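We begin with a single chain expressed as structure tokens, specifically the form predicted alone.
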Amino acid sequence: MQHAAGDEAFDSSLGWGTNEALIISILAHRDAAQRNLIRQTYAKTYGEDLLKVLDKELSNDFERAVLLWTLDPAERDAYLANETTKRWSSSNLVLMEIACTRSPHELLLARQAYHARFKKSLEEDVAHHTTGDFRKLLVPLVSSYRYEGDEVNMTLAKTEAKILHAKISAKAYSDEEVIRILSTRSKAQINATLNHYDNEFGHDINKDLKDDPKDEFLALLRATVKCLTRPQIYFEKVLRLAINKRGTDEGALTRVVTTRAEVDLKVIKDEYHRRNSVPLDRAIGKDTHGDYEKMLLELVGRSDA
């Protein structure tokens, strides 16, 4: 059941010993527009930013889950991207994930939110904090504004499949043609190209990108291909690694649940269950606890609605 965005009950949850259960019951069941309205109403009524109040009242993984969820999706992507640039490492795939799994318009909104919040462009921060082949790929990916329709040029798909195969066979993984195709073509066109690659050369492109399992740029390229063509498979793997490793990777778990709950989490859950023979909610319940666990399970459950 949906409630009015400016629930009075929410007001009483802050300031006198925080009522975490009430925060979860209200925020976890509101869509992005309603959460935004709650923030506006709170600011107008109390003269304070709800996110700053939550930041003071909550702590640890629960705080992060609530804050990421409450942010507008474009603001959230800007926040995650900025956090990543400041602590960037060659094994961190968050920038690529945002660039390749959002729609062209969503990525544009994230870039605009980045401008507004950090007073500089996402592109300049990515260029400043990355180096070498990583910079060559990540800057055009975050700068991209792809065609979003279903129109596909099959002649072009065959030509570009051959270009990709030739460059990869020559181990020219960061060649400008490889980067041009992956960073500018529509997702429909890339799918057609990679389907032709598979048909023409007898195997998936990612098999050819596994030449050196320890090469982190090749890992980024493989993840880029997966995010552009099969994002739910990519996110299932992120969740599997986050939950199954010794000591849960709460950062990755929180990021996937909060960013995909209103997008495709149901499909990701089905894939997780199929791949691991355990429902995602049960896996999360086993690896987390307290208010953090309750918040995640509410968000995972809402994708069934």
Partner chain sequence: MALPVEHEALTKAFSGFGVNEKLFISELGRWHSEQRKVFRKRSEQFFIEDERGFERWDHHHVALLEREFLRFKTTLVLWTMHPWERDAGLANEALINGPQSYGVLIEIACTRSSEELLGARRAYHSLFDLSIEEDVASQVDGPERKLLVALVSAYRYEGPSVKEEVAKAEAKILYNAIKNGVSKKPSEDDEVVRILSTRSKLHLKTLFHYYKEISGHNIVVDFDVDMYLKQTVECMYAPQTYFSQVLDAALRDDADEAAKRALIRVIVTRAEVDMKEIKEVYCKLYGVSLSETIEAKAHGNFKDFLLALVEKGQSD
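Since we're looking at a predicted model, the values are computed, not measured. Numbering follows the first chain given and starts at 1.
As for the form predicted together with its partner chain, it is not shown, yet the points below apply to it.
The partner is absent here, but in the predicted bound form a heavy atom of Ser144, alone among Ser144, Asn92, Asn191, Thr159, sits within 4.5 Å of its partner chain. Among the residues Asp72, Asp215, Glu106, Glu123, the one placing a heavy atom within 4.5 Å of its partner chain in the predicted bound form is Glu123. Stretch 114-122 is the contacting one of 219-227, 191-199, 72-80, 114-122, since its residues have non-hydrogen atoms within 4.5 Å of its partner chain in the predicted bound form. Annotated contacts: His128, Glu151 and Ser186 all touch its partner chain in the predicted bound form [non-hydrogen atom within 4.5 angstroms].
Put simply, Lys167 is far from its partner chain in the predicted bound form: not one heavy atom of it is within 4.5 Å. Shown alone here, Asp208 lies farther than 4.5 Å from its partner chain in the predicted bound form, counting heavy atoms only. Within this chain, Glu177 lines the site of its partner chain in the predicted bound form, having a heavy atom no more than 4.5 Å away.
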